[in-house]
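Below: one protein chain in two forms, given as structure tokens, structure 1 then structure 2.
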Structure 1
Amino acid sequence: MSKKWLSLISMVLAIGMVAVLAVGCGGPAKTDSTEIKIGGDFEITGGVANFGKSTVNGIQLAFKEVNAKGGILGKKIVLVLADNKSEPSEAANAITKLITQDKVVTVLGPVASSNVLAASQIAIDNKIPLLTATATASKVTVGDDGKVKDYIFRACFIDPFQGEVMANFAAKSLKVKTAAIYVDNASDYSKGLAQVFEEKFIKNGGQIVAREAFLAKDTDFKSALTKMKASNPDVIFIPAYYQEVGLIVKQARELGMNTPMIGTDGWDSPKVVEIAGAAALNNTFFSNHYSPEDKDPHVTSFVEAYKKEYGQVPDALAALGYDAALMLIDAIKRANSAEPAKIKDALAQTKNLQVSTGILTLDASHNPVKSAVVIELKDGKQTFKEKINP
């Protein structure tokens, strides 16, 4: 074979090797000429699937609305979903797939703080922005070293604010002096809220008379509840998710405990009523991100659009999903680019953005400054109790 042919074959092989390497490498690729791919790392199945589905519904509604108006940068915005099965290890697998295989430019989700923490380092390593609509644990956006995570953002208020809201509500609105705390030891979300609530409740002059713990997916809570009943607390604080909350409230009432019970946004699901029963949930309250009863025109407009699309009133997770999508849409427009680094910079500069739950500005720690509401459950229905500003 001549040297000329050998050189030609070598060149072809070299080009082929480069092409293979380009395909095999992870990280973002240039977006399709007609689409901007956004990843969705969500709890579609598993313990908090109801939350995942609501959040995705809110995102899809916002994307549908912007696409109907011509999209962003002349392109259609598309949500590519991956199911994390409500498990941290699966959240890591899901974001890896979205980044390396689906080539998304930003990731929305997950819902639970533990799942976001499992996924966030992968986003950071690949320089892909991750925007969670719902994860409230402080260390989601700020590491143990106190440094802000450059590529991680959120659309919801954080646990210290939420824990303080409920401690103040207990002391000032319910006017109670003693409290018991029942925490999910498997959840960063639950443990963080319990810590802040305890600190603020004591600071308000209250006393913690009992502390008990359970693990996610437990079903029998009567032993711990019996111990709490013996301590005779004025209120029981349960910072947990709806599946366990429903069973805890149901079993507490079966034990004759008529004590007020209070919680946080993890309670916000129709499933909690199905599990506990409407009557059992009387005299219970929880903090939340918005109320569909709010007469603000932006809230009203969102609620009507959601009801038209899905045939039901949106819960707070749907509202936060919608808000997170609006934050991302706004960032891409201001960046005038679908490049991850430029989207990241624009997200960090979010200021005075009108979303469904109010006016949103991100602080230096990538956390929104916004209001909270307290919801009361009456005969299984959510009713607006009061609004608390930051």
Structure 2
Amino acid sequence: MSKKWLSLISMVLAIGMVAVLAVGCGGPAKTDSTEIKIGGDFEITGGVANFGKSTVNGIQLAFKEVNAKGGILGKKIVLVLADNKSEPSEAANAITKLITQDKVVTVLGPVASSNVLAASQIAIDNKIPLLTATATASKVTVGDDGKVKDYIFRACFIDPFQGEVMANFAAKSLKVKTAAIYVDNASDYSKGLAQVFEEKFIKNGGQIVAREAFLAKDTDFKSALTKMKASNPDVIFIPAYYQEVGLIVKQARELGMNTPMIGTDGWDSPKVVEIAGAAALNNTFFSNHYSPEDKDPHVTSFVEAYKKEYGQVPDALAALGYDAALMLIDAIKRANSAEPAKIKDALAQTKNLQVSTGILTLDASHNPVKSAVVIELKDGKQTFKEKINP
């Protein structure tokens, strides 16, 4: 490469950087009266970028649909995205930018509970509602003092609910006495569920015979599985996301473990079947918001629309993102205003809202009350096992 060329590239880069700086420092964006700006503080890069992407896809689909129908209050709804690099401090940074620079009226996101917790205080301080589609930790909506955080909402189950559902399912439906827990040590979602499951399972008279951990993005699970096999559990609880779940189930079966395996809504993705293979997944169960067998038109139309838009079947995060967007749209409509305080009040009163995953009502703690279903994977097909009401 010639020197000249090199310095040319460097010059271009330097100019580009200055330009970026100039744009970035350009101060608060102007508010356009024909649109409603919603912030999206998401994991676009970094460790859980795939979850962030799914959730954003779901949200954007919902916004697109509503805009195609003329928007709300006569305005288009626009999602302004900011990346939090899958990291709490960046989540705080991103939400600050969204609120103070972009002047959004509500913020959707982030995915991980820890990132939501870092962002939520800033939302509260600025009196901007924050609606997370996916953060399951109880503390997200309720403070340490036990008070409900005014401006913070969520669209997903909380850890205690799903953990209890699966603990009960293991004890009562599978009638097992011993369980092993295989947890993603880097994920608060996973750890939160594991903790609740353990408590409830023991309360139901069960016994935890093994606790093993992996780290997100691991690909080899055989060592821990071999160890688990030796303790001979009746069931293995794997509160994790589909990519790792697929690999774990596959490798467990390869090691000759025919134990039933159970999990939570993170399992919901066709990838699980693709990775593990249909046969390996027999005798596995997980809790979810809805069952695809459920021929509810809301479910099928969502799945179809999503497939059409992105060329893939939605996973649980996409569905929850879509639901969160629907909740917000509904709240703005009911508030008949795009003022943050009014949106907040309307969100709190969300009731019997039809979303893709069912009928949703927010309780006093800003957590959705909706029934869960337990799904069995049979030859790669999701089949309805039982329904559990909260």
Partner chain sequence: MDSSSFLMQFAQQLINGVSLGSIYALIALGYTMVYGTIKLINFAHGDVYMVGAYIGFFATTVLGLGFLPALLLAMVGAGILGMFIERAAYRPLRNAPKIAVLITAIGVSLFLEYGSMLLVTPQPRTFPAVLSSTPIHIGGLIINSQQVLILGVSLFLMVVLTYVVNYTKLGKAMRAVSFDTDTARLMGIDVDKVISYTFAVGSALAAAAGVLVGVYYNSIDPLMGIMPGLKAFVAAVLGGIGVIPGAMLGGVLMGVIEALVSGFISSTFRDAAAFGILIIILLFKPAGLLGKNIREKV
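Each residue is numbered by where it sits in the sequence of structure 1, with counting from 1. What you see is a predicted model; the values in this text were computed from it and never measured. Take the two forms, find the largest set of C-alpha atoms that superpose within 1.5 Å, and that set is the rigid core.
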Item to check | Form predicted in complex with the partner chain, given as structure number | outcome: 2
Checklist entry - Is the C-alpha displacement of residue 367 equal to or greater than 2 Å between structure 1 and structure 2 once the rigid core has been superposed? => result no
Next on the checklist: With a threshold of 2 Å on the C-alpha, tell me if residue 121 counts as moved between structure 1 and structure 2 once the core is superposed.
Outcome noted: no
Next on the checklist: Is the shift of residue 161 between structure 1 and structure 2 large enough to count as movement, that is, does its C-alpha move by 2 Å or more after the core is superposed?
Outcome noted: no
Next on the checklist: Please give the CA displacement of residue 255 between structure 1 and structure 2, in Å, after core superposition.
Outcome noted: 8.0
Checklist entry - If you line up the core, how far does the Cα of residue 220 move between structure 1 and structure 2, in Å? => result 8.4
